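The data below hold one chain only, encoded as structure tokens and taken in the form predicted on its own.
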Amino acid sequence: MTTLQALIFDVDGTLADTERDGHRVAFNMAFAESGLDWEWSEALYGKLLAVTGGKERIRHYLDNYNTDATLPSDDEADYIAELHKTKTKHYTQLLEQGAIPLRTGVRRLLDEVRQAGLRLAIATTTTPVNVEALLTHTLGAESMDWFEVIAAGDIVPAKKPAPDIYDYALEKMGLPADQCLAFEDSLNGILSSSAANLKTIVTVNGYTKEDDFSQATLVLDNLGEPDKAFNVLAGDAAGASFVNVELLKTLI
């Protein structure tokens, strides 16, 4: 009989709804600081989310939405990298200001699974700096030690939807996929976790609610709370109204 050993969490959109009011705003602040007249609207950013990775997203924007742009540098790759660093600075400042809270049920679930002795890891395309900033400013500095593996950013060559980041986390933990559950929020995320043979719980957000999550084990609007039930969008929640350890063990 397979026993649940660990949970592997995506970050952006999963632990916190970071995209619309976090990363998008920080990108626009970086553009303004760099003297660029670029502006990523909520609608445009939703399209750009098809590409994972901040630097990759800027490149995609230039190649497909702002093809006439002239960068003030002959080395486009270095310029984009510096622009992304500026964006990261603004993003972490937004976190420091408390502008990006955790999603419903996240703090409660993390506390419960730790008390139950389950292992925790992170698998994300965002940078390690962003992960640390989010965890520190929402859960406290000690939360960095809750996750035995933080697989983030460019630690693997191929980002989601490739399975590499999950494969890396599993390898570092020394666990097979069938003893773990992944938590995701997007199409690229579910494609990545599924390719790593992980059963996956998806909590949708405004940008991803129309994505194809047919490969997910369970699709919810959020993780829920004892006094605030989640809505089941697909899958079998075994009669539960919020995600807890008992439900997780049922799913595995």
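One-based numbering along the sequence shown. Quantities reported herein were computed from a predicted structural model and do not represent experimental measurements.
What follows is about the form predicted in complex with a small molecule, which we do not show.
Visitor: Looking in the predicted bound form, is the small molecule within 4.5 angstroms of a heavy atom from every one of Asn28, Lys89 and His90?
Guide: Not one of the three qualifies.
Visitor: Whether Tyr45 contacts the small molecule in the predicted bound form should be assessed with a 4.5 Å heavy atom distance threshold; does it?
Guide: The answer is yes: Tyr45 has a heavy atom within 4.5 Å of the small molecule.
Visitor: Might Arg57 be said to contact the small molecule in the predicted bound form, defining contact as any heavy atom within 4.5 Å?
Guide: Yes, Arg57 lies within 4.5 Å of the small molecule in the predicted bound form.
Visitor: Though only this chain appears here, would Arg108 touch the small molecule in the predicted bound form if you measure heavy atom gaps against 4.5 Å?
Guide: Although the small molecule is absent here, Arg108 would stay clear of it in the predicted bound form, with no heavy atoms inside 4.5 Å.
Visitor: Is Thr127 close enough to touch the small molecule in the predicted bound form, meaning at least one heavy atom pair within 4.5 Å?
Guide: Flag for Thr127 set to yes.
Visitor: Among 60 to 68, 46 to 54, 223 to 231, 193 to 201, which stretch has residues whose heavy atoms lie within 4.5 Å of the small molecule in the predicted bound form?
Guide: Contact criterion met by 46 to 54 only.
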